[in-house]
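Single chain ahead, by itself, as structure tokens, in the form predicted on its own.
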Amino acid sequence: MQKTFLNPGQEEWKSILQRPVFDSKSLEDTVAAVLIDVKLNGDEAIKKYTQQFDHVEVDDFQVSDAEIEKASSMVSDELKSAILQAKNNIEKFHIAQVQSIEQIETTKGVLCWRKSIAIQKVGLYIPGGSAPLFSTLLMLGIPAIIAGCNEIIVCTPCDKDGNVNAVILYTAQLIGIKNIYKIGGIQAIGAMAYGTSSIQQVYKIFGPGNQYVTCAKQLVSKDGLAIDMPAGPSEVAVYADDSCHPVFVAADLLSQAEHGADSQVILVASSPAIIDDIQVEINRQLPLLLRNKIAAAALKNSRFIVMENVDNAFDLLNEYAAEHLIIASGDAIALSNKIINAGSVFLGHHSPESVGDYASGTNHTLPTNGYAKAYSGVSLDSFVKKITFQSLSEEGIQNIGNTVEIMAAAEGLDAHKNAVTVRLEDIRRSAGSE
């Protein structure tokens, strides 16, 4: 299973915390070839790769109103109620992120402000393979709608019969998204990035996916298309001290491991005895999981680390910069002050990571692979761009004009200086003629 390390020195951290790796050059070559084909041949290329990769022939990519209506009847009332509660919490958290415009007078007569403008066209990729992620549609669709994005399209794979997962369609209908396309994988990213006769090009692409989807997003970003963030396989790190509940921690580790064989879980514990107790619980719980083979494979990529010094423990966790970080301690609130790198943090014994995945209200689209050192997770801000404005009165240009003239002259930019000078001279002339 996973390897265990006892108080490793800082020089060992990089090798211990290494994420699973794969042949990126071979992957990029494969993905780039598909993207080029989609860019040149549009719908025909999408049909070809959907048949090749997903083994299904699709003539009409767009999900019909009838399909959406039928899907609603296939979802249980219990699940609908759960999705509604999650929707309400996610809306509440993201609506609170709306910022009002505030004008700042930096100098008398000089007003500056910033305004959030929605990105007009966005594409949401929703995985639909072994685990159709309707929760991701909530996480991406809700802030896109709150932000005011004019055009929102969804791409998600269909099954062998050409049907999109019913819960995904119900969720789309619930939050008010109608433009849904039966396309997955590389070809879906290409369709949204370049546009086809059936699918409109977007300005920014959001959503998780396997290594092919992730690579496709990164390649189209080189063509100037915006993406939410670099992302890879899902991961969790847990800090556990003597106050932890081993049964809870084991469940948290396994809940992340079941995502995929390339997922990674990191356990940092304050003593070897804690790791022993958690390992017993993992061995008990693992065989009971439906996806136990996937979870077992992921555990091979995982690390259990004893760090008896709490400051060293959090230095290591900040170096790892986990997508999800759980602090399984009675002192979780105080310990959270030590965190500077993480995507989302779960505090205390009753805050499992799965709550953030579904229904607490925070967004579950988060930076992985160490990108949490510089990237934030998806939020309302991800769906807007912020434009700055300034407005100067005659008094304002007089108060700041000489400063700009001096600075422009020092940089040798006479035209910049002159743009101010002609205005100041005009004001002086007008004043003299009165």
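Predicted model only: the values in this text are computed from it and were never measured. Note that residue numbering begins at 1 and tracks the sequence as displayed.
In what follows, reference is made to the form predicted in complex with another copy of the chain, a form of this protein that is not presented.
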As a check of understanding, the residue in Val56, Ala45, Leu27, Val404 with any heavy atom within 4.5 Å of another copy of the chain in the model of the complex should be identified as Val404
Given a 4.5 Å cut-off on heavy atoms, tell me which of 303 to 311, 97 to 105, 185 to 193, 153 to 161 is the interface stretch with another copy of the chain in the model of the complex.
97 to 105
Can you tell me if Ser344 lies within 4.5 angstroms of another copy of the chain in the model of the complex, counting non-hydrogen atoms only?
yes
Given that another copy of the chain is not shown alongside this chain, does Asn210 nevertheless sit within 4.5 Å of it in the model of the complex, heavy atom to heavy atom?
no
Consider Ser391 of the chain shown here, and say whether it contacts another copy of the chain in the model of the complex, taking contact as heavy atoms within 4.5 Å.
yes
Using 4.5 Å between non-hydrogen atoms, is Val422 touching another copy of the chain in the model of the complex?
yes
Counting only heavy atoms, which residues in 321 to 344 are within 4.5 Å of another copy of the chain in the model of the complex?
Ile333, Ser336, Asn337, Ile339, Ile340, Asn341, Ala342, Gly343, Ser344
